[in-house]
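Below you'll find only one chain, the form predicted alone, shown as structure tokens.
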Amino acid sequence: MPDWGKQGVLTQAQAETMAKFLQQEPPAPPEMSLEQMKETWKVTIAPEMRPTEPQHSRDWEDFFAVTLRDSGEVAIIDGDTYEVVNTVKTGYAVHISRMSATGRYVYVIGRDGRASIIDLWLEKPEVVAEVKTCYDARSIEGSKYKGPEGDFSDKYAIVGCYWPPHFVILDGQTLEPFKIVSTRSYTYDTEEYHPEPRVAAIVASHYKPEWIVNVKETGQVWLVDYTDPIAPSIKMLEAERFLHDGGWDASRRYFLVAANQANKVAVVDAKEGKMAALVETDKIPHPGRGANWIDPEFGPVWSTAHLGDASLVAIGTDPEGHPDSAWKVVRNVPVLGGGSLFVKSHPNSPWIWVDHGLNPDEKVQRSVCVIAKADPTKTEKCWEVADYGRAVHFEYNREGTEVWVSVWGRADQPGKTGEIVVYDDKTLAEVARIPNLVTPTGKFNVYNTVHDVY
């Protein structure tokens, strides 16, 4: 504590009272029941009242859903014209947006636990349903599987929560919550009970009617079968603690997720329903969804950068075609510094892009680098995206010809709240700037998100 007594700010009695207050056990935060969730549930346009075809002539599959973090909004931006089609009120500090299987709907989750569904077919895209399923959340996903077991496209949705520690299954059209599953469990390694294991990334399998749910503190990956969502079967895989975020390899069979504080990447085989590998990386891997590309020597790889080290690694992902490289770090490319939040590429791109948004150096914070796939031994070029803020997150347009980069400014600085810079991916020349956006962060192209192109 500061020396408030010596400074005369507090009397001796007041200082003792303050010390006793600080030593009290904090109260347990509140739980949330299904009844409480349903009290927050709103459907502004019922499914039967929604249009049966797009009510505009725009290419909605090339729309971008852009998180405006500090305003609690998502901007829907036209990828062809760079026009902000609408700015939609959502939960605060939206963590991710995910598209439904058809791409028509954008599922949005705020860190405040508020889930929203945006209909892109409306003349002006807008929230058509919302619900609060918890007080702190990071993940949302829809059901995507279509196969012998049935067509589950857009049928269900799932929200993963930090507090209370649970996930919630909802109706995919209305977001009506109907099933809560607690993640309170035992750590995979020491089998110690953990009272609040948080749900991190969730992805929908392309092989089965399953969600892959990452339970952070217990180090488990849960395969949740949603064929019968009232009585879901769950297979618990032992992976590594501190599971956070990740993405699919190019085949969409293997899900690679960073166990960031363990400095590992866990590899889940969605087809076989088992762990494929644990890969040692540098300090605190933070891939976002990662980047898939073809290494000239080692074949198909997936890349992550790191918060703790100035490096981008490539992990071999082709156990059949390149077995000697599979599930190993085959490249380690130096970048400007640590603090990297996201990497990104596209099958049509010659580059891997990397940011440094949490680096302590302000110049490095607003700089991005590209690594040439043809010569992945070094960074090809680095530059400052703006003269303020942080350069964070990349997203390609549908064709893979342009890259959008967020400049994350400050909501309290007029003229420097933020913008998006658009680059020609082939030449790296700046194409456009989309200004006057409030702290833009994650950007999710409809087509690329539906098809897991990264």
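All residue numbers are counted from 1 along the displayed sequence. Since this is a predicted model, take the numbers as computed values, not measurements.
Note that the form predicted in complex with another copy of the chain isn't included here; everything after this is about it.
A heavy atom within 4.5 Å of another copy of the chain in the model of the complex is found for exactly one of 250, 382, 93, 234: 234. Only one of 377, 348, 182, 81 comes within 4.5 Å of another copy of the chain in the model of the complex through a heavy atom, and that residue is 182. Of the stretches 30-38, 49-57, 64-72, 399-407, only 30-38 has residues with a heavy atom within 4.5 Å of another copy of the chain in the model of the complex. Although the partner is absent here, residue 192 is a contact residue: one of its heavy atoms lies within 4.5 angstroms of another copy of the chain in the model of the complex.
The closest non-hydrogen atom of residue 228 lies within 4.5 Å of another copy of the chain in the model of the complex. Not displayed here, another copy of the chain is approached by residue 164 to within 4.5 Å at the level of heavy atoms in the model of the complex. Among heavy atoms of residue 242, none comes within 4.5 Å of another copy of the chain in the model of the complex.
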